Ligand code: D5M
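Taking the form predicted on its own, here's one chain by itself in structure tokens.
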Amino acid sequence: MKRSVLNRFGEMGILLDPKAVDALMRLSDPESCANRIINDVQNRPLVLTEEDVIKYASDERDGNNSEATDKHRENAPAIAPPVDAKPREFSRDVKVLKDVTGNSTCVGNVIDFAKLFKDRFSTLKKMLAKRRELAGLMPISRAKKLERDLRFAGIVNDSRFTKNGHTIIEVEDDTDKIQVLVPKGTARPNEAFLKDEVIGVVGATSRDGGIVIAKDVIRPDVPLSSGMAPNGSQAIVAFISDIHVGSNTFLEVEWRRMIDWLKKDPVARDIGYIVMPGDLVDGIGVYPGQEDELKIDDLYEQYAALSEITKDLPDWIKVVMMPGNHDAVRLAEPQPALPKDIRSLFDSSVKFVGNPCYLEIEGRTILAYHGKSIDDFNSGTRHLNYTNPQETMREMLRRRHLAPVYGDKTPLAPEQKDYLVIDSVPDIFVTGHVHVCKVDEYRGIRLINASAWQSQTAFQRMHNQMPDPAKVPMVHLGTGECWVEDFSAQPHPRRSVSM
């Protein structure tokens, strides 16, 4: 009932003092009192206080006939004395399960790149070997010598379409390479085979033995799950991405609107954690002509400004910051956490992690990734676009890899371990980068693209991209419920996309 009542006030743009919420919940019929307040169009307050609740509750009783009123007053419980409204107690314990920070070993030579792809193939091949359709996987060198049905795994070297609509892909493993013909209709419509992704193939050799005719193409994919089973946590995690402090298009008014809401709205008392997946500042020299769009043209001053605006966040919230392609770390992924001299600008409520990063918060596993490889997925796959990044996130999960393509828009660091493999199945998968707010689900995993705090840039106008800024997706860690708080305009907040 509490959430239903709070949602109704939120839809009307009415903020609630925490004591007002406590007073409402102590009434015998909170919904009746809430309806009376909401329907009082001429007099209803913008910020509902405890005194307002007592007044409306008293007016409701006084409006009855005297006999009924007297009887009601005799039997109705009095509103209990007010209790100071405090945020819930949270563990504030954020465990880093997987992160390149402090673990980077790459030198940048050919041997390191070989180790990277060997680790990728080995890890994903083990996942594929567990699939029933691929029982009896064999190396490609052996498959080329057999005529019967074949099952093998490999990395995609190249792919092309034939004039008849079929697809020919070249696949290799650590023993050999082979050509595979995927007949039209075998794969899904608009299916794309990305360079360097790992796939499994079920098929048979052609009569001349020069090519394998695929009967099925298998991807590692994540298992089907019923979703986040309740675990008793009372905390909410919020996701705030692509703040771009330093840009002259940073949405300062909307940011302040969010801060005010966090300090006043009762729902915000349950927000124990905020995860920020990258592009914390706008950076310097990220793209040609950027200097014309900067309000702060010094990188360290940008981070100092970010530090100041994050100090306004309520002190009960633990903040997790990770870098993106605009931040002051190496551009090649995986990216380590921000350097020490920048971290020193922030207080102890902020935890710094790399990109990507696996986190565990109150029993839930969160995979956070800034999302630069969305550019590669979208350019290499017909049906993907920047308007619906959740579809691209699904493709990452199907391939169990965040950035399979080497040598395109997303630079990859030659680590000996591939930190971009999705080796564990998360409860929540969050990205940013494209400045769009989307909340969805895939096989029980919550998918979130976490909006932005920057209005349309000249680059976005040139590419006809319309951002969807100043929105904050949230997930209740106990129940898995997901929704979005919208701070883009008054009245605020506007709540939507409840799952």
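Just so you know, these numbers come straight off a predicted model, no measurement behind them. Numbering starts at 1 and follows the sequence shown.
Same protein, other form: the form predicted in complex with this ligand, not shown, and the subject of what follows.
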{"property": "Non-hydrogen atom contact Val430 with this ligand in the model of the complex at 4.5 angstroms", "result": "no"}
{"property": "Close approach of Arg446 to this ligand in the model of the complex, 4.5 Å, heavy atom", "result": "no"}
{"property": "Residue contact check: Lys438 to this ligand in the model of the complex, 4.5 Å heavy atom", "result": "no"}
{"property": "Lys372: touches this ligand in the model of the complex, heavy atom cutoff 4.5 angstroms", "result": "yes"}
{"property": "Per-stretch contact check against this ligand in the model of the complex, the hit in 333-341, 120-128, 239-247, 214-222 (non-hydrogen atom, 4.5 angstroms)", "result": "239-247"}
{"property": "Asp99, Lys318 and Tyr358 each touching this ligand in the model of the complex (heavy atom, 4.5 Å)", "result": "no"}
{"property": "Proximity to this ligand in the model of the complex, single hit among His166, Arg364, Lys409, Lys144 (heavy atom within 4.5 Å)", "result": "Lys409"}
{"property": "Contact residue in the model of the complex, from Thr49, Gln460, Asn35, Ser455 (heavy atom within 4.5 Å of this ligand)", "result": "Gln460"}
{"property": "Partner contacts in the model of the complex for 305-338 (non-hydrogen atom within 4.5 angstroms of this ligand)", "result": "Asn325, His326"}
